[in-house]
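Shown next as structure tokens: one chain only, the form predicted on its own.
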């Protein structure tokens, strides 16, 4: 449960080695969060993150194996994540960028991006929602993207998968609100991470640490949708309403 000041005391991250997920955890444990659960595929990398958090912050950190592409295991994995007790914040931070050139020509590759970013995120979200309903409190945070706001030539396979995720978690927010559970969708722009290494940064490019600041601020305010950086909200309002012929001429 949150402390007397409303600060989360426990957090779980699906995609525990993601740079944004780790930055959010760093911000929370720096503010007093004492228990962390990291769920992810790479056990050695998870243990490295866990060891660092224990050493520098004295946090209690548990590691749970998680494979996004194996939906049959999701319910069991979510049960393991909640096995240590109630969780105040659950962050869904896994995903893949894909390769647009390959994905728009290869049906299997395109479906793989959608399977990870949308189908797996829905499957995990449903299982986590059941646990949060049982608790009657907590926040579920999902990493979407501005790419889901309007399909762009440069990354429409990835954007389509994030548009689906975004719509699902917005609906889940309405479904869980009467049961005391808060759902927040995060829409980052270009974030300088391993995933975007070698790519030319887009305007308003940001960092995992800046995204984490937006997430923690949004949780404190009880926001349902946040943008990282916040200026992207106004930018996307304009882009969303541009006529198609004009939008397609933009270098995006």
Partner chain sequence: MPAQLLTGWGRTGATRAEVASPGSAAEVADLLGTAGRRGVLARGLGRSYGDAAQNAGGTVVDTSGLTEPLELDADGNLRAGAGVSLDTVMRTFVPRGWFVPVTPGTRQVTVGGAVAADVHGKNHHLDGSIGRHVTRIRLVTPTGTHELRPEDDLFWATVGGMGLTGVITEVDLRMIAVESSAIVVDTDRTPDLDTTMALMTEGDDRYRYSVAWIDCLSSGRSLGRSVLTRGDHAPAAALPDARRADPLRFAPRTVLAAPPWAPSALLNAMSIRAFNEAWYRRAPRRERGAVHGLAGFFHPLDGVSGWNRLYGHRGFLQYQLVLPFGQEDVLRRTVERLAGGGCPSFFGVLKRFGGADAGHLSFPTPGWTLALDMPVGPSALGPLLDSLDADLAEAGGRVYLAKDSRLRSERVRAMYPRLEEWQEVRGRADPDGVMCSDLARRLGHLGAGATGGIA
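Residue numbers count along the first chain shown, from 1. This is a predicted model, so every value here is computed, not measured.
We do not show the form predicted in complex with the partner chain, though everything after this point is about it.
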query	finding
Check all three, 9, 31 and 177, heavy atom within 4.5 Å of the partner chain in the predicted complex	yes
Non-hydrogen atom contact residue 250 with the partner chain in the predicted complex at 4.5 angstroms	no
Residue contact check: residue 136 to the partner chain in the predicted complex, 4.5 Å heavy atom	yes
4.5 Å heavy atom contact, residue 1 to the partner chain in the predicted complex	yes
Exercise: residue 203 in contact with the partner chain in the predicted complex, heavy atom 4.5 Å	no
Interface stretch in the predicted complex with the partner chain - options 40 to 48, 62 to 70, 215 to 223, 193 to 201, non-hydrogen atom within 4.5 Å	215 to 223
In the predicted complex, the residue from 104, 115, 79, 86 that sits within 4.5 Å of the partner chain by heavy atoms	86
